[in-house]
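Single chain ahead, written as structure tokens, the form predicted alone.
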């Protein structure tokens, strides 16, 4: 058995013992939304415009118990969805989850990421959350997925970050040491880990980090096992992350939590340092590499990075330019489907952040019916075009070019 087969077998054994994620099964669609799993919202985030088609193919690569898969089906009513995973037990839960909630446009396959070429055709949207860092060869895994991404398609990826998981790494190694030849017995690993936490002093750094960040979810053994007794984990920093991205052959679109990656939130009070930071990139702007040194600086100054979540694309991916007033006025606006609390002047935006709307902004959003143009709506409102651009920047509207 090869190293990759050995690792895959160990990972499958973990998730057959503790199917993950352990979220409860519901007899109705899951609550709320995750905009990263909504094709309209995700495509708009990446390109600045509404996609031309919605009858797309979606792959949930490493779907586990189907928590994300279920959202992908319900949030994309015109799409067909495929889920793959190594764990037969997790797949059994995923099938039951989707069946019970009425997510009927999905098929599941017991398949490794390495073997994804066995699936027919290409996919417009690939979701790969919490998987690549558990492979023995993540580069081989991301390259296999990249070959299945259709031109103009998007891939959303989530992998672990080493700086914010330092205490987790220490606990993982401590549990493995104490398990000795019982390593690989995941129930024993959970028991050993819980005994360690119970024995450590209250002021212990590992204990404090667990209580501050993870203890609520880790009440469940499935979560505890996934975090502390996993047989395979690779944690990234910005430098190694972009080595993985570059190896994929895909284009880096951007992080899907861009607020964290704004340097001015850390050094905004020091204009001289901000000016120096602007000179960090030794590559021309637009190359995709100019910001990497800035990203590295951000994570060094704010080492809370427990994960990276980002979009990649298979070119060509069109990017909208709304700088020309004529193009903006002729565009057709629609409300972002990932808004909660509308209609109200106080709503939750796509990222569940509170946005306070003016009466005129609210009226504009109410008139976004998918048929009227921006210019047509503004003709009856005392609202300027710059205000519409703000709504677009806030991801509150999607625009379709005329």
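None of the values given here were measured: they were computed from a predicted structure. Positions refer to the first chain, counted from 1.
A second form of this protein, the form predicted together with a small molecule, is not displayed here; the remarks below concern that form.
Contact with the small molecule in the predicted bound form, defined as any heavy atom within 4.5 Å, is confined among 104-112, 265-273, 195-203, 326-334 to 104-112.
Within this chain, residue 374 is remote from the site of the small molecule in the predicted bound form, having no heavy atom within 4.5 Å. When contacts are judged by a 4.5 Å heavy atom cut-off, residue 63 counts as touching the small molecule in the predicted bound form.
Contact between residue 131 and the small molecule in the predicted bound form is found at the 4.5 Å heavy atom cutoff. Mapping the unseen interface onto this chain, residue 11 counts among the residues with a heavy atom inside 4.5 Å of the small molecule in the predicted bound form. Note on the partner interface in the predicted bound form: the residue among 72, 135, 155, 94 having a heavy atom within 4.5 angstroms of the small molecule is 135. This chain is displayed alone, yet in the predicted bound form one of 81, 312, 126, 86 has a heavy atom within 4.5 Å of the small molecule; that residue is 86.
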